[in-house]
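Single chain ahead, written as structure tokens, the form predicted alone.
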Amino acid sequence: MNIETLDQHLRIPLIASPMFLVSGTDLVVECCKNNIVGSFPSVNQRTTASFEEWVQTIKTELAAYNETSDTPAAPYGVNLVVHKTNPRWREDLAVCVKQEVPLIITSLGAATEVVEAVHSYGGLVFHDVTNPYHARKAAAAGVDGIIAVCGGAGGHSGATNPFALVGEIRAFFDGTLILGGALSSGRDIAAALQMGADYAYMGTRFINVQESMAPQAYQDMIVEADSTQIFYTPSVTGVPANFLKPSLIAAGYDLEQLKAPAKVNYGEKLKPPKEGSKTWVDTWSAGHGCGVINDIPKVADLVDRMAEEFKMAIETTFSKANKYIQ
């Protein structure tokens, strides 16, 4: 698969980002059926064998859909955490090669080994970064696309303004660029393209769909939250990430202590103080975009809405700009 083939299968230039304990087969399949890229982390399944079962399920369901649909489904993607904290990533990569997963999204390590393996069967590799330094390393590793994870993104997130990060990466990288960070609507997708990105990368918005694996209480918290309820800290996971304040408090964390955490080595994490609480399971992540999320629709309805918003945003921008470019 190449970028042109990917474009041919998309209704709007959007990737639903892989979210730990949230993205499952139902979410991925529904995204792809509605012609946006659906993706999930391989570690959402506890073993490599069960991860492969998920891949096979997605392939089977999409193949069956394509037999009866006039519009073929979009490709799906798998996220591999390429880091020593994930000792099974090479085993999961072997599954991806065997099953010829169309798109691999790598995190925490841009490995030439992954690029060569995925390119061997014609797949694409996108790598997520939070700063220009890691973007340069990804480009040197030969990735097909760089995902700029900017300030305000859910999960493991950067802190850089998207205008700055996109501009800096574009100065040395002319490949596919994907923008993530507080994007929640079709208007945001249009804005990403105007800034110089090729695709939008959207996570938090897809926590709150009916096909996600997020528990109801998690989705309700997002509906009730605004951007001031998002807390950025490296202490919970060992890597800077955004979390919903109410979930941190419920897990027993002292937010004042998290504001000035003790030095944490990369990959180390602090256990939730409340007995029985677990990171990610009870401490819930979200991005700044939660402030405009007030519902829990089906994927199909959400994509319909965003496609219309995208179209209207492009038309409005052209109308406003036209008087300046004649």
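Heads up: residue numbers just count along the shown sequence, starting at 1. Source: prediction; values computed, not measured.
What comes next is about the form predicted together with a small molecule, which does not appear here.
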- request: Would you point out which of 89-97, 227-235, 168-176, 152-160 contains residues with a non-hydrogen atom within 4.5 Å of the small molecule in the predicted bound form?
  value: 152-160
- prompt: With a 4.5 Å heavy atom cut-off, would you call I207 a contact of the small molecule in the predicted bound form?
  reply: yes
query: Does V303 reach the small molecule in the predicted bound form if we count a contact as any heavy atom within 4.5 Å?
result: no
query: Is G203 one of the residues lying within 4.5 Å of the small molecule in the predicted bound form, judged by heavy atom distances?
result: yes
query: Any of the heavy atoms of W54 lying within 4.5 Å of the small molecule in the predicted bound form?
result: no
